[in-house]
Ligand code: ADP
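Presented below, as structure tokens, is a lone chain in the form predicted alone.
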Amino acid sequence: MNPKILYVCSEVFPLLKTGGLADVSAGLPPALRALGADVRLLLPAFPGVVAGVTPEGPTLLVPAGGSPGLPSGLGPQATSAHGPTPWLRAGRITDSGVPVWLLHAPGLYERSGNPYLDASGQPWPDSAEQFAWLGWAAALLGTGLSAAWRPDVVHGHDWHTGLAFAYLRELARTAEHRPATVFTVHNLAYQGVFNASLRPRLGLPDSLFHLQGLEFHGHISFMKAGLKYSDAITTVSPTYAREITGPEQGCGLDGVLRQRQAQLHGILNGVDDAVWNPQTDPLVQPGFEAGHMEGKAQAKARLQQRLGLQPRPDALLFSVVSRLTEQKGLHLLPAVVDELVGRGGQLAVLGSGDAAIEQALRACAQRHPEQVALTVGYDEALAHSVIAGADVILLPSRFEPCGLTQLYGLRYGTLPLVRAVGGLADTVVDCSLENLADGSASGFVFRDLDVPGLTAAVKRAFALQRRPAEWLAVQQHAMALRFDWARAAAEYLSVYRAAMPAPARA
């Protein structure tokens, strides 16, 4: 049986992207479809998403709780502030052809820029309503709002979809159709926690607001709703699945995750070969592959020229493509820059985030002109250029659920330098002597979140550079590794099938 999957998320590349979730939403559904699953996305109708979808098929109203045929008191309550009843419009992503439902809710999604934060960097004041409606629409579709297409599985991603599982739990008491439910945690640190006074507005009955429900320190937690009320939980690497059941990385929800450990699965993310392939990448031409690296040398020269770095082919060029935050461990980076430059290295940073980290790196660039370049912001084309042209990519993260940047680095022969956490530990093998000897080395790994640990790993990178034959062997092994979406999709299908009820016997 090929299951019907309602895939619920808040962003998808290239229509809307703030982080790795968008890349996953671009890569996983087509891979599931290639294995025979009937996958349809449900997305909020943010302007960038609407612009990339070709309308096709029916429009469905999304009635609020208390309407005829629905249990009283469930779902976000319609208010005059948000105008008419929200609706769903069917269509397809224009570039990929993947079918979607777009959720339109007047006053909630018609805003440009970041879907989660306003221009001052603060959460939108109606974030709870934005994503409660997304969850409510998912619950209605899951229980048969569209008679023509009823999903076997509702698969929600991160806190934005958490209330879908609470609503589904309640609707399923009387609905004819009850789908299996799977909730994926991409980053447990972002939990969607809101004031308990919003409960009536979100249509959440008192029976759900308790310690064993979605109550979290007197507040509503969308993330906890997903963890408590889904049939299965997945997260984006095996190591992160273990880490979040402990207090250090459990973000206050480790107890819930320990209770549900039997339903918790770690499935490593993949890389979309149509987007991240050094041979065919239109943003990096001429392309290159493991046996023909001339194109990588040219990419390095172009990157140095573009960023105003000294054009030195022999300089070990380190790079960062990341949010500049403590979570990413980048508060450590300014302290190692002098050592890095003193050994003849260069540094290219693309990202934005914590003002103090930005300022410290800006000071490093001023102190080392032509050796350190900082580009504040995000540019997809420049990201490809940095990852293709650098020699080493830095991910010294405090925690990292999966990480995609190190996977891109491996694919492009840009050796990852990472801390041994989450998906980084699952995907990068240190260049220790024994790993060099058996051919398994693919990067540089350190354990302690401190400057000495990062500095030691940087020194190992310089040491390997002085052994060019071994550097090339590691580089070629890294480029041969494959973290594809077909493997991940097969694992998700196994989770779906285990969560689905067994077919009734005649």
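For every residue, the number given is its place in the sequence shown, counted from 1. Just so you know, these numbers come straight off a predicted model, no measurement behind them.
Missing here is the form predicted together with the ligand; even so, the following discussion is about that form.
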_Considering non-hydrogen atoms and a 4.5 Å limit, which listed residue (Arg419, His160, Lys296, Lys328) is close to the ligand in the predicted bound form?_
Lys328
*Which residue, Val100, Val321, Leu134, Ala225, has a heavy atom that falls within 4.5 Å of the ligand in the predicted bound form?*
Val321
*Among 212 to 220, 380 to 388, 91 to 99, 242 to 250, the region lying within 4.5 Å of the ligand in the predicted bound form by heavy atom distance*: 380 to 388
*Looking at the ligand in the predicted bound form, is some heavy atom of each of Pro47, Ala105 and Tyr109 within 4.5 Å of it?*
no
*Does Pro115 reach the ligand in the predicted bound form, with heavy atoms at most 4.5 Å apart?*
no
*With heavy atoms only and a cut-off of 4.5 Å, decide whether Leu404 touches the ligand in the predicted bound form.*
yes
*Could you confirm whether Phe194 comes within 4.5 Å of the ligand in the predicted bound form, counting heavy atoms only?*
no
*Considering only heavy atoms, tell me if Gly345 and the ligand come within 4.5 Å of each other in the predicted bound form.*
no
